[in-house]
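We begin with a single chain expressed as structure tokens, specifically the form predicted alone.
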């Protein structure tokens, strides 16, 4: 700062307040070589100069005994003003008794009359200006300008100080996020968004006692709280929600809150809030919950998922992901006949062992990585169809999943056709499974994609029919070639007459539409017999085989070839 001012020729301004002209002249001579000096004859005149917007003072030298308004009264008025508080004051006095009262009123230093040591006066002025400018910078960095809460850096520093004196007390780390805050700025304007942030900061200060809790705003729409452990968060944040709902000309505000109760003092404070934020992010978009509590179990689960996300590319490259195949059998003849297979992914992790698809498939569906997984399965399935054709001389069609992300990929058809061409097989060999959830998200878009795929010769299987809410409606609008009945129908089929009637109803619907039905999850002969009697076309499940790796699927094909030879 000093270097900058010297280079640019700027000089700090000092206000000398003394009713005696000779004193003003002496101080002016001492200071004018280094500073711009202004003068006032009494406290009233000085106060008027201090409050002028065109004058900015770095220091005031103040005599105490003056007419109209003395130095003590001026100090009192400065104490009452937030704007004037930043101007340091050096009191000029020869009375020791006045020093104590001046300190209580905010004076920073003293210069003893008479002014016979110019170097000392200059040195004291330089030191006080330097200290106050440094403190001013610290104060400006300490608080968030918009909300008045601590800045992130000072927040964590104060936590460390609190813990150095109070390390045994149970404390909580809380992260509060305003849901979809960017939409508030876009829809209502930045001024409304700023008002929401200000009111949130004020409400947090009111609802949480500053003696037992500190708060900061680390970024745009997030707030951190660190305070003494408490149980009644539901009530406190319900009150905060209600307060913000009363804002005029403002949208309905919704908060998400993550809480790490009784933080582990053995780990750094920053990690406490990482954990609380993890709990907060867990309920993003969940309008049934507002609070989420961190626990070690949840953390381990989240770390496990993060590990899977990080390892997916390496798993594909090292072929730790293995495509298994489960046979499907037509059952309406004298004996079951191999019709096709379904490709199912398995993950043999080099460190974590076999990972259930129930762990990684929903995870990848939620973050978009499912498309990468699907493409890997398509490549492996198509290559395996080609190998079976080369080894056994027959084609075994394979069903592969086409996720919601894949459906709306503009290059879906191009990629699939290129894959088939590369392996020398046709669209008859690869069946595409879609789920009704894709229909519920964008029915018109799904219908366009399905029609285009069928025009190219692909057969479409509707997977997990009956597991959602739009099944009957979608059957009247979406063109399909096969209906796959959800395995829950089969699992419950023999538990009651009503359950069996539901299975019969699904098969009747498929017959009306002119498409075959595949029943998933068939595990015993009784289910097989019932399904055959009521007209089910194809079954899949552990009754015939669990999903197996490619090298174990060969015997099913060999058995089918023997049956064909005997015909």
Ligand code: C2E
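Numbering follows the first chain given and starts at 1. What you see is a predicted model; the values in this text were computed from it and never measured.
As for the form predicted together with the named molecule, it is not shown, yet the points below apply to it.
- For the marked spot (345, 374 and 547), a heavy atom within 4.5 Å of the named molecule in the predicted complex is present in each of the three residues.
- Of the heavy atoms in residue 61, none are within 4.5 Å of the named molecule in the predicted complex.
- Using a 4.5 Å cutoff between non-hydrogen atoms, residue 518 does not count as a contact of the named molecule in the predicted complex.
- Remark: residue 36 does not count among the residues lining the named molecule in the predicted complex, judged by a heavy atom distance of 4.5 Å or less.
- The named molecule is not drawn, but in the predicted complex it has no heavy atom within 4.5 Å of residue 254.
- Segments offered: 112 to 120, 296 to 304, 374 to 382, 176 to 184. Contacting the named molecule in the predicted complex at heavy atom distances within 4.5 Å is 374 to 382.
- Note on contacts: among 292, 340, 93, 401, the single residue with a heavy atom within 4.5 Å of the named molecule in the predicted complex is 401.
- Among 221, 311, 433, 172, the residue placing a heavy atom within 4.5 Å of the named molecule in the predicted complex is 433.
- Contacts between stretch 484 to 501 and the named molecule, counted in the predicted complex as any heavy atom lying within 4.5 Å, involve 487, 491, listed in sequence order.
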